[in-house]
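Just the one chain here, laid out as structure tokens, in the form predicted on its own.
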Amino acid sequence: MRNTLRAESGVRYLSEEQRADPLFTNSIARAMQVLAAFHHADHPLSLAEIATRAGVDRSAAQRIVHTLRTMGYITRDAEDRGFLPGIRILDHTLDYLRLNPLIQRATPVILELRRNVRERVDLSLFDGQRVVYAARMQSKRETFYATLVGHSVPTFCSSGGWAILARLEDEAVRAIVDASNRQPFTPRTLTDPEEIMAEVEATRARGYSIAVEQILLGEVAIGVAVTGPQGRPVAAIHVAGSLAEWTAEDFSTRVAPLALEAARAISQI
């Protein structure tokens, strides 16, 4: 089973044509690869580990790590066991969150939704094979992973992912599902492409998704797509509850109308 504390990879694999572009700067790309080395890490990384994960030689990794450490983007951990991302990265996270017009528009809406449903409410952004959480409004019971902005989950098995896929053409949906690493999170995670396509079709029919124990055991989640220009899906609202307190049917009856209303208020129609 997959570890929910490890974000889905946001690394982009570039073609030779992209790298050959005269405007493409390889030194910047290598620096970003070094920062991306921490994406799936669960401990401080040694220089050798950074070099291997970043796909650069040790000499290049040493120079890049030294530069980024000098600038505050990489630091040594408190026990000097290796390297960790530095505090300066948070400055760029803040810039993204405060300047993104969708997040600006969505924040008061999902705050109101959270007050009404009294369950966890998230806003996730569509990024191909994954959705990335940009806002998280907590409920009375949460695990560590569920509090982290920037955490991501696969599009193919999440409530928001299904809601987003339901707004795409079947060909685009199949391309995302086929390209995904469909390793399950729980025994109930759907991994068969035909079963996923059936769930996407059911989501189209009702206008929202119902995901039961797809990412976490004991969790039911409703997902509603948020659309941008030309009605293309750009994000999703997720509302998650506990199966110890709700049946999937009761949760859907209570939450779905409110989530749909919130998504309409955020979407660009």
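Note that residue numbering follows the sequence shown and begins at 1. As the structure is a prediction and not an experimental result, all values here were calculated from the model.
In what follows, reference is made to the form predicted in complex with the DNA, a form of this protein that is not presented.
Fill in: Contact test in the predicted complex: residue 201 vs the DNA, heavy atoms, 4.5 Å
Residue 201: no, not in contact with the DNA in the predicted complex.
Worksheet item: Are any of the heavy atoms in residue 48 no more than 4.5 Å from a heavy atom of the DNA in the predicted complex?
Response: Yes, residue 48 lies within 4.5 Å of the DNA in the predicted complex.
Item to complete: State yes or no: in the predicted complex, is some non-hydrogen atom of residue 62 no more than 4.5 angstroms from a non-hydrogen atom of the DNA?
Response: Taking the distances in the predicted complex, the answer for residue 62 is yes, it comes within 4.5 Å of the DNA.
Discussion item. Under a 4.5 Å heavy atom criterion, is residue 39 part of the interface with the DNA in the predicted complex?
Written reply: Judged by the heavy-atom cut-off of 4.5 Å, residue 39 is well away from the DNA in the predicted complex.
Discussion item. Using a 4.5 Å heavy atom cut-off, which of 51-59, 214-222, 201-209, 230-238 contacts the DNA in the predicted complex?
Written reply: Every other range fails; the passing one is 51-59.
Item to complete: Using heavy atoms only and a 4.5 Å cut-off, determine which of 133, 156, 83, 126 is in contact with the DNA in the predicted complex.
Response: Partner contact (heavy atom, 4.5 Å) among the options: 83.
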